[in-house]
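Consider the single chain below, provided in structure tokens and representing the form predicted alone.
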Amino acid sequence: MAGVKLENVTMKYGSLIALNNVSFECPEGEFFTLLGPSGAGKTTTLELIAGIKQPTHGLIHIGDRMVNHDAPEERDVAMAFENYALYPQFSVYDNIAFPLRAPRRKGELTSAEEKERVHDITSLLGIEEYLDRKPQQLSGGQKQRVSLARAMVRRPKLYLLDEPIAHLDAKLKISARSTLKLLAHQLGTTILYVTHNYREALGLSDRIMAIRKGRVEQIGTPEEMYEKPQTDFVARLMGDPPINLVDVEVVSENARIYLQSEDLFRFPLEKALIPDMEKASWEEDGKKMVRMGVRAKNVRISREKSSEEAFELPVYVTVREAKNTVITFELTHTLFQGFVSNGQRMKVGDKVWVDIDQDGLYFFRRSMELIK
């Protein structure tokens, strides 16, 4: 196995910049996830590492070797794609065994060893009963597992997995995540994993790289990415429902600092949080502004006023879930959400009290538009 290192990698398609000066290092044996929305540059990064595409600028290292000029077959990486890329004329067994039969690997395995290798991976992925079928006889989820098995059947220096379980249903995804975690542990090899699903990233990764519009936003452990997001984009990426983001005015009055959202709400900010707020604030139209972030779990909602900091808002939407009901409030430029237990009856139009647990407050500079 081997680690991966990208140094100031840029990828352009004409005037379009797909990757912009991207640098990161993934040590050998690490499960490293690239997380971001469609078009962020995740797949392009894998294709550059695999040698499918060549960077416009920058260096790519696999292990101790700079591989910019190496052909894909010289890099000893295995890649699984979201779109399966299976050979329709081959059986499932032959599709999976295909990488083991490449000319440059001729004679590495006996027929018995090949069968054992295929059996081991298909047993782990639960597809051993489909070995005699053709791809067109499989469901989308089965094809995805075959594609994953083909990538992981041999022992390369590096696995590049591009949304490998995206088309599985919810139940199979949970099983597939466990299998991937087990495979990563058993093989002890380096895995670069692409997803737009933050749950997969948190559950599988040793570290996560959040990427947006070809730029690296943050790299950290799952705990760091969720608990200490460095930008509003990363904070919004990590959570369901997404973190509440509200642009509020910072008002100084009677030796206290207040956060105010137009005429909808206002509450005093705890003194310990003022330095973090100051670092993120900006001036706009003669006002001091800051982007406030708070997760729904840190928003307390009740019929009665619970503290001097609480404020009233009318209920906009309610959505009942298994254990809680999500209460949504409409602000001028965005929506704001919190939870109540299913035993609390609240309906659209009710005015209720909202209290924010300030231990869960974040402050950001504005880097993206809010969506209502």
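For every residue, the number given is its place in the sequence shown, counted from 1. Predicted, not measured: the structure shown is a model, and the values here were computed from it.
One more form of this protein should be noted, the form predicted in complex with a small molecule, which is absent from this view; the next part is about it.
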Exercise: Thr318 in contact with the small molecule in the model of the complex, heavy atom 4.5 Å: no
According to a 4.5 angstroms non-hydrogen atom cut-off, is Thr43 in contact with the small molecule in the model of the complex? yes
Using heavy atoms and a 4.5 Å limit, would one call Val9 a contact residue for the small molecule in the model of the complex? no
Hey, in the model of the complex, does Ser341 get a heavy atom within 4.5 angstroms of the small molecule? no
In the model of the complex, which of the stretches 325-333, 63-71, 31-39, 302-310 has residues with heavy atoms within 4.5 Å of the small molecule? 31-39
